[in-house]
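The chain below stands alone and is given as structure tokens, in the form predicted on its own.
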């Protein structure tokens, strides 16, 4: 049982939209970068960012009450361990995530209605999430950068697996190619193909001579390879389209190919689990979903794959 009083449990949820928006504003204004060298007056930070000093002071004061920034003296703020994560050089991309939640996803969350099966993002923006991103290059770039967060840990998981010499790894929906760059840095005997829509934010020159970029839709085709990686892709989709993606891969993959899914597994019980909140975001964006172990087994089996092992963060399967 939690030691938090029941009134505090409710208050922390009720005020959630304010915290999300405040954090997104601080991230977009790059306040953490402005405070990187030490405490500064809110007037200086506001002048640099073009913000109203009074409004910014009240936003930072509220965030500081939860440990994001600290008000050292009236009107003077500094970074904390939490706000340091919002700096532009943080490899986990918290600044980009804060923008997405505080801006891109914000209106769509407000459109969530359990009495309707309409997609909340479409109701808020008038189009589906991916089509919207295709018309917003700056938002697409921020989204792709956010997806780079945590790629080193994902690459560690993949690199620890057994690999044959010169296998080709296809990162389906691979975005910027960051995951394959990290993997090949650890396993230089491999080759890689980043497969994604043509508008994905990337630098092909930065992929190196052992990684190629191929553009296309994973609902239509994928390149041939020895192993297929789906990193945070299938949770974007409900079961029918997710199965369609898997069937596309299975139709091309050699019989001995492996499927490596980097995605969460929803745990049972009532213990705190961020993935259960992420599941609501997937619902909002395009009725995607996070999955339990039994969900994963059923999905993969329906698309022609045999599950070898399921761990939270890495599901291993093979063609059957």
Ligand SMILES: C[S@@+](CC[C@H](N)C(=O)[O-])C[C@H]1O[C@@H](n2cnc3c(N)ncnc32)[C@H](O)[C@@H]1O
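If you're wondering where the values come from, they're calculated on a predicted model, not measured in any experiment. Positions refer to the first chain, counted from 1.
One more form of this protein, predicted together with the named molecule, exists but is not displayed; see below.
The named molecule is not shown here, and in the predicted complex it never comes within 4.5 Å of any heavy atom of residue 94.
Under a 4.5 angstroms non-hydrogen atom cutoff, the named molecule in the predicted complex lacks residue 225 among its neighbouring residues.
Put simply, residue 106 is far from the named molecule in the predicted complex: not one heavy atom of it is within 4.5 Å. Proximity of residue 232 to the named molecule in the predicted complex: non-hydrogen atoms within 4.5 Å are present. With the partner omitted here, the residue from 208, 216, 241, 137 that has a non-hydrogen atom within 4.5 angstroms of the named molecule in the predicted complex is 216.
Heavy atoms within 4.5 Å of the named molecule in the predicted complex are found in exactly one of 78-86, 156-164, 113-121, 190-198, that being 190-198. Applying a 4.5 Å heavy atom cutoff to the named molecule in the predicted complex picks out no residue from 263-282.
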